[in-house]
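In the form predicted on its own, a lone chain appears below as structure tokens.
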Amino acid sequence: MNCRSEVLEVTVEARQVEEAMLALLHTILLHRSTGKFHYKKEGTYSIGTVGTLDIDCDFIDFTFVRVSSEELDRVIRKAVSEFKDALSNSGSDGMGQISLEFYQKKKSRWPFSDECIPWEVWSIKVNVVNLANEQERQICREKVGEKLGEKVINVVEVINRHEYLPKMPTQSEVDNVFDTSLKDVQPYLYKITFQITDSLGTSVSTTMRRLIKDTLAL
């Protein structure tokens, strides 16, 4: 099985990191979650509904939709908060990457642990810029909102392709495909990781500043 890999890239100021990452990660998980499975007998089941919420960002002109599960939101927020803090500790300008990997388990014989086989990985590259004044921040607020809208459309287009998904499991195998630990939603098994690099590339910083200055000149 080949693992699909998708890369998204965003440029934000430090106060926008958390909202931008939540918007993208929640968008992906919205499309990679189902309602809870209710098994009647082996091979026969019904699927519960998935509630959604509209979330308005404070520092970006953007509204995104997420699964209404507060449990799932807490897990995502914790990972994003750790990523944001690591970026912040790297300096005022920084670059990092947060990845959302979906996988399925393959049972191994005792005494070996189960094998985790990734089937889709989303990597979000984040460039953090330092802006000079409130006017630049307002323009960045609008531009980042526009870019996030483009990224969300891109995510939906990718997910709507007819590509590999783990087959619906029987009751005895459901934990090999889905995270069943949440009471109100059932995402595919996933893990979130991140890494931080030393400094922001000058080309990225220059591009954002040029975008802001061009807007100021209009």
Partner chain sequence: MDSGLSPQDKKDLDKFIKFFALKTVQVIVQARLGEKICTRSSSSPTGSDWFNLAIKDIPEVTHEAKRALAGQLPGIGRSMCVEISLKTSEGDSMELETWCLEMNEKCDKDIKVSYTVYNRLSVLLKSLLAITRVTPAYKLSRKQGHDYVILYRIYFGEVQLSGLGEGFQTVRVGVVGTPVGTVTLSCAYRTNLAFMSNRQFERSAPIMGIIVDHFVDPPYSSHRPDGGAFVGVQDSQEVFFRYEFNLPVSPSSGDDDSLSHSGDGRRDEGRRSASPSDPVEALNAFTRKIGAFVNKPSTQVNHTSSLDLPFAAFAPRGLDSEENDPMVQPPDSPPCPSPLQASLHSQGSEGSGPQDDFVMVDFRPAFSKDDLLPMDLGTFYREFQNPPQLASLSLHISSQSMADDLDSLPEKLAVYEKNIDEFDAFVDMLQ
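Everything numeric here is computed off the predicted structure, so don't read it as measured data. Numbering follows the first chain given and starts at 1.
Keep in mind that the form predicted in complex with the partner chain is missing from the display, and what follows is about it.
Although the partner is absent here, residue 176 sits far enough away that none of its heavy atoms falls within 4.5 Å of the partner chain in the model of the complex. When contacts are judged by a 4.5 Å heavy atom cut-off, residue 172 does not count as touching the partner chain in the model of the complex. Taking non-hydrogen atoms only, residue 180 never approaches the partner chain to within 4.5 angstroms in the model of the complex.
Heavy atoms of residue 193 never reach within 4.5 Å of the partner chain in the model of the complex, leaving it off the interface. Scanning 56-75 for heavy atoms within 4.5 Å of the partner chain in the model of the complex gives 56, 61, 62, 63, 65, 68 in sequence order.
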